[in-house]
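Presented as structure tokens, the chain that follows is alone, the form predicted on its own.
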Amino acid sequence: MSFVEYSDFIQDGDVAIVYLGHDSMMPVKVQKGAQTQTRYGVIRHSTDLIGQRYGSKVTCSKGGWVHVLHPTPELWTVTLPHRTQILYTTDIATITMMLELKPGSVVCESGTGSGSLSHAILRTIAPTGHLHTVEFHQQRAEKAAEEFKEHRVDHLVTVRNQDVCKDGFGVTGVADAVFLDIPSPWEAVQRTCEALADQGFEEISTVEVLLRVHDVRNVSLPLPDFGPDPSSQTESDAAAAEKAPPNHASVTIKTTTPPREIPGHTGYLTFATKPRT
């Protein structure tokens, strides 16, 4: 199992995603003899997981069942242990596109944090690219390096525990793209854009990604009954119209309704291009 290469079967030492429902998933380190407790009962790794195909339906001890999924950066983003605030898939997809990442790209990342963006970058730049990521907090840097090794992507990434403002990324003149996680973005965005312009960057833009979900439903609307045209009616027509029952005709249409509460963006994304000189 690797986050950048697909495997068919679950093996001892893999990290699998146990899917209990759309809003309920959990990562599990598969180990011989180990057990995982869920609300549907116990999952026994040796008999229920190891050797099974990824995507299999597994029956728990209480009779309920779960699906066991192959890990992906998207699934890791929604199940990872939070050590910091993270970026989510909507912003990560925009970052990957705007930085023009591809297999073989070399990327410098400031602020490894919980590794949400890092895993997506690694999947995109594999198998020949490299990620240089810097985390100033020692325990977070060590935990990130441990997870990269556990997820079998450590050959694609170098983790450094240092202050990027003082010590940089540890490499010079190799990066195809640089990602900087700047604190207090509501204060720093304008100054960042001005500094980029002063340093010769072009195509500077700041965007925020908002995911807006609409509920689709059928709605029945009554058709208005304006009655017959009096100018073309005879006396007998008018008398018949008065005796006729009211018209309750309606039409059914599909509508979309935005939710009452919409979650905000997860970050201000500022992009710029440095022309080659």
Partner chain sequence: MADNGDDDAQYRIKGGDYVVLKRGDIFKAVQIQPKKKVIFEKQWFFLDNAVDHLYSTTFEIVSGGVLQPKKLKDAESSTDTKEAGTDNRNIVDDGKSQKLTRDDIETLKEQGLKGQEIIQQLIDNSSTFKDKTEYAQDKYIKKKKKKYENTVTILKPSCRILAMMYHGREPGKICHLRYDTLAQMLTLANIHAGSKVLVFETCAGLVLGAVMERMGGYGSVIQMYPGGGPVRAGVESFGFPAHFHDMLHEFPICHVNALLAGTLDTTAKEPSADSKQSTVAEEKEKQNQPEAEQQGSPEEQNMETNSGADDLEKEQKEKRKEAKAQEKKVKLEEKRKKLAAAAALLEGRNADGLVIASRFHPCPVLMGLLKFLAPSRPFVVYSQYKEPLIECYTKLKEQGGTISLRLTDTWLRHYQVLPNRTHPLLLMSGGGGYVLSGTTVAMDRSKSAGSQRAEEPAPKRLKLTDTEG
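Residue numbers count along the first chain shown, from 1. The term rigid core refers to the maximal set of C-alpha atoms that superpose within 1.5 Å between the two forms. Everything numeric in this text was worked out from a predicted model, so none of it was measured.
The next section is about a form of this same protein that is not shown, the form predicted together with the partner chain.
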**Asked** Within 4.5 Å of the partner chain in the predicted bound form, do 62, 116 and 177 each have at least one heavy atom?
**Response** no
Students should find that, of 209, 50, 34, 28, the residue having a non-hydrogen atom no more than 4.5 angstroms from the partner chain in the predicted bound form is 209
### Touches the partner chain in the predicted bound form: residue 38 (any heavy atom, 4.5 Å)
no
Any chance residue 101 has a heavy atom within 4.5 Å of the partner chain in the predicted bound form?
-> yes
Practice prompt. Look up in the predicted bound form whether residue 183 has a non-hydrogen atom within 4.5 angstroms of the partner chain, and give yes or no.
Written response: no
Does residue 249 make contact with the partner chain in the predicted bound form, using a 4.5 Å heavy atom cut-off? no
Answer among 138-146, 152-160, 167-175, 79-87 for heavy atoms within 4.5 Å of the partner chain in the predicted bound form: the stretch 167-175
When the partner chain is considered in the predicted bound form, the residues of 109-141 having a heavy atom within 4.5 Å of it are 123, 124, 126, 127, 128
### Query
Once everything's superposed on the core, is residue 255 shifted 2 Å or more at the Cα between the shown form and the other one?
yes
